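Next up is one chain by itself, shown in structure tokens, the form predicted on its own.
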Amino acid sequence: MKNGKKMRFLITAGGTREYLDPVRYITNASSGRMGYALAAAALKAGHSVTLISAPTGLVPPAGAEVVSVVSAGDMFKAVKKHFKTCDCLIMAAAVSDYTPVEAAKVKRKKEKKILTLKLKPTEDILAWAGRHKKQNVVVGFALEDRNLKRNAEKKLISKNADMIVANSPAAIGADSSRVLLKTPQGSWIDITGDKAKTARAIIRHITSLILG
């Protein structure tokens, strides 16, 4: 690739929903704002963006191709469909680690007895991308509540990613946050600011990684 080339970003955002019945689901506290900010930053830098979004209350940035999904399974299918044609995948979504073994077809009625749910692991999208990448660059996110650098670096290596973006639970829903970036051979890069500023910095570092 040559400097100045328009890159194709594939960015995931939001928290997936794993339905227990037609009205109840398991999810997480992700607002999707980081993924949307990354999409906006990439577009502003002149790149093209496909944004795979789980449900959020956000308005997608103008110019993004938006693929709406709900569950982790939906997101996995969408990533597989678009992965080959992207230069960089950024897995900013908070993908559920577990999904019900079987969702009820009708609403579960409240009972006085304890309800036990059987859950199974979802597909690991980041690990799949790390195994199947060719010229693609794969960027993962690691939200860690302890041993931030150690656990994030472990994820970077085990998933065969090209970069990891590490942050703490304090970033959830916050206007500004601190993130740490690392490549397998690089040192930690510390970025603090609002999510728009952080997103611009992440896109710049990814572009530098790809274009040199």
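Predicted model only: the values in this text are computed from it and were never measured. When you see a residue number, it is the position in the sequence shown, counting from 1.
Below, we refer to the form predicted together with a small molecule, which is not included among the displayed structures.
Heavy atoms within 4.5 Å of the small molecule in the predicted bound form map, among the stretches 180-188, 32-40, 47-55, 154-162, onto 154-162 alone. Though the partner is left out of this view, Thr99 does not reach within 4.5 Å of the small molecule in the predicted bound form, counting heavy atoms only.
Thr122 belongs to the set of residues with a heavy atom inside 4.5 Å of the small molecule in the predicted bound form. Contact check for Leu126: a heavy atom falls within 4.5 Å of the small molecule in the predicted bound form.
When the small molecule is considered in the predicted bound form, Cys86 lies well away from it, no heavy atom lying within 4.5 Å. Checked against the small molecule in the predicted bound form, the candidates Val69, Ile172, Ile26, Leu143 yield a single residue with a heavy atom inside 4.5 Å, and that residue is Leu143.
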